[in-house]
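Shown next as structure tokens: one chain only, the form predicted alone.
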């Protein structure tokens, strides 16, 4: 039961309290670039969730089974980036084959998941936080992806409603998007300290 509680609190913590987008400001490029429509945002969130889960799990295994036992810690960044790039290629092939409309609408943002700093950040945080067992690494990776999906879908929903709102002309477009992102971040900062 203690392990289950630890995993549950870790999951809730990374999704809501320590959301990578709202508290660490990671993954901001797709968060702002692909949040124009909620269907695109959800698709991007699913792609990032898959990649961060796969990358977080594989990098933990590589780090604990190969790099640390043989003193190859200096290769950590190279290995992590290769794993992330491979996972993104899998997602890209899958989306191109089964969801061609979504693939076309993503444009450059789909291959740019490779450079999504939230994914590399999560792989490095797992090491930095001293996560020493695989279940915790998997749960935190899934939670990080779902937290990103939550953030981007919330932003997309607000942006779709803002298109119908009477926004002053000087604030339309990027200014109101950045103000909205700041207000969302402030709202999520209210959860700070609830789960450590």
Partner chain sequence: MADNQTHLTRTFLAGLWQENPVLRLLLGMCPTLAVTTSVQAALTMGASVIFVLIGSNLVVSLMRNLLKPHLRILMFTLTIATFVTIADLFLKAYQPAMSAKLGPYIPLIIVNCIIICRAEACASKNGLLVSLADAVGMGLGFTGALTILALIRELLATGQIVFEFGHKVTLLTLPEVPLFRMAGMAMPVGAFLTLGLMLGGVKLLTEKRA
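Note that the structure is predicted; figures quoted are calculated from it, not measured. Numbering follows the first chain given and starts at 1.
What follows is about the form predicted in complex with the partner chain, which we do not show.
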Of the listed stretches (164-172, 58-66, 136-144, 44-52), which one has a non-hydrogen atom within 4.5 Å of the partner chain in the model of the complex? 164-172
At 4.5 Å between heavy atoms, is residue 117 in contact with the partner chain in the model of the complex? yes
Heavy atoms within 4.5 Å of the partner chain in the model of the complex: does residue 81 have any? yes
Heavy atoms within 4.5 Å of the partner chain in the model of the complex: does residue 153 have any? no
Going by a heavy atom distance of 4.5 Å, is residue 99 a contact of the partner chain in the model of the complex? no
Checked 139-168 against the partner chain in the model of the complex; residues with a heavy atom within 4.5 Å, sequence order, are none
